[in-house]
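Presented as structure tokens, the chain that follows is alone, the form predicted on its own.
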């Protein structure tokens, strides 16, 4: 019998892991990726040292590897070679796991929101090196570990998850590091899995959609047929310009429903871009188009444009002037 869940479950995110040493965090990510229901797969392990132990683990486990020493190369050139290896492997995300290189600004910018790092402290405390010694010397009750997005500023990106590890009497940097490493191996796979699966998480998608919709003038949220909807105008007489649909009426789609210009436009989009649009049950007959949110490469700027366009169709002219005036500045 066919597995119907497999037909609708999202594809696993493809992740490249960059290492410089033994690769214990890489191994934790790899083995977690092989558990049932994992949201990602490791498609490449790359290192700036051909002798990095993580490469041997990956190769033994059947994962593609790439090694290139950074010695004698400019930072940008080495980054470009590492990036090419990741892209050639089909990576959509990069996870830094003990990768002891400061990345060039261009590389970081190209992977904005798609590159994660793990750091052995409770950020924003103790960025950089010698984190355990610094925590012990400061008399802190806890050390710990953080997973964060990578930005141009060292260890300063959005914190996605943390675990605090108590500092014991008599701890040395080495003894504390050993316990923190256990926490690292628990935290990184969980955070990476949660992060790459956000595109199929209705709570995350609704949160982003809500922020965009409620940023428009004189809007508010109200349920419609048990699902979130967004209206413009007063609480009493406002009109709906958007609905959020979470796999309703038997479809596999998590969708934003918005008004389009009519059935001709709706049919055109659905026919020419079926991976991005669908005709929703009931609403479709009234000229509402479904924009599929749980799909790879979703362009949130385009989603925002659809929201504004639908909002303009029902908003009073006195309200649309507010947006027009804002656009002039």
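Since the model is a prediction, treat every value here as computed from it, not as a measurement. Numbering follows the first chain given and starts at 1.
Only in words, not in the display: the form predicted together with glycinamide ribonucleotide, which the text now covers.
- Screening 72-80, 167-175, 232-240, 96-104 for residues having heavy atoms within 4.5 Å of glycinamide ribonucleotide in the predicted bound form returns a single hit, 96-104.
- This chain appears without its partner; in the predicted bound form, the one residue of 208, 222, 247, 181 with a heavy atom within 4.5 Å of glycinamide ribonucleotide is 181.
- This chain lacks the partner; the member of 187, 118, 254, 150 within 4.5 angstroms of glycinamide ribonucleotide in the predicted bound form by a non-hydrogen atom is 118.
- In the predicted bound form, at least one heavy atom of residue 25 sits within 4.5 Å of a heavy atom of glycinamide ribonucleotide.
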